[in-house]
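One chain is shown next in structure tokens, namely the form predicted on its own.
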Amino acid sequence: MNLILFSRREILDAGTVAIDDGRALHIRNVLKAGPGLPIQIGIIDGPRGLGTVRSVDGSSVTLDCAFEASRPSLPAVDLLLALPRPKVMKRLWAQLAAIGVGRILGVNAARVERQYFDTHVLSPECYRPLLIEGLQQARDTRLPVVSIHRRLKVLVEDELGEPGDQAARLLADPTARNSVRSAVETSRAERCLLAVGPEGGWTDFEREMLHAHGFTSVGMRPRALRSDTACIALLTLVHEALADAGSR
């Protein structure tokens, strides 16, 4: 953990917090922190701050907390992801939070197995701790907003709305000649929605529908990647392209 995260309800009125779970174990055994030592902390969906160890008593650690005035900005990238196999999705949760995603829209597609929607991996009880794990790795506090959609057509046509001037829509396609950087530069967008398909790829109908609603195909020629690898690689490229565009 590079940042110890707390929920708001764990912070007492006096600005102290007492924990006796895995976070306390990490502070004692990994950080080797004793009374008086500072630790990087944060509130989930709130600001980062500094916690000073007040006491270490058996399995419990008590911290005095001071937080910044504002919370980090929401990541500028959202992900529309055709659901992969449950074991792949379980691996992805923490990675997506660590790399920085504002929203994760898990969606059905023609080549997504229907039973994927019945897995516990899509329950908040499963994915929330994994998202928090990723945030703690990346020193962020902004928890991605997760929604699951069983009908791609309804999501794209009725729920996403029309593409705005401030948001680029990118469609991952291994056959596309357009690069992420060129698509972001052309759009002059401040945010991006990236759509990544299933292992078998989007169907022609799905691709045409996404194009009709403002998505531009982008690729990383010449390799076709698994969906989890493609997610991480493409999100990295999108973040870099948005940051470079914003610095000009």
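One-based numbering along the sequence shown. The structure presented is a predicted model; accordingly, all values stated were derived computationally and were not measured.
Here the subject shifts to the form predicted in complex with another copy of the chain, a form of this protein not shown in this document.
Quiz item: Among the candidate residues A168, A97, L80, L171, which is the single one with a non-hydrogen atom no more than 4.5 Å from another copy of the chain in the predicted complex?
Solution: The residue in contact is A97.
Quiz item: Judged by heavy atoms and a 4.5 Å cut-off, are R114, L193 and R207 together in contact with another copy of the chain in the predicted complex?
Solution: None of them does, since no heavy atom lies within 4.5 Å of the partner.
Quiz item: Should H211 be counted as a contact of another copy of the chain in the predicted complex, where contact means heavy atoms within 4.5 Å?
Solution: Judged by the heavy-atom cut-off of 4.5 Å, H211 is well away from another copy of the chain in the predicted complex.
Quiz item: Does at least one non-hydrogen atom of N2 fall within 4.5 angstroms of another copy of the chain in the predicted complex?
Solution: Yes, N2 is a contact residue.
Practice problem: Would you check, heavy atoms only and a 4.5 Å threshold, whether R223 touches another copy of the chain in the predicted complex? | Solution: So R223 counts as contacting another copy of the chain.
Quiz item: Taking 4.5 angstroms as the cut-off for heavy atoms, does E10 touch another copy of the chain in the predicted complex?
Solution: Although another copy of the chain is absent here, E10 would stay clear of it in the predicted complex, with no heavy atoms inside 4.5 Å.
Quiz item: What residues of 106 to 134, in sequence order, lie within 4.5 Å of another copy of the chain in the predicted complex by heavy atom?
Solution: Just E133.
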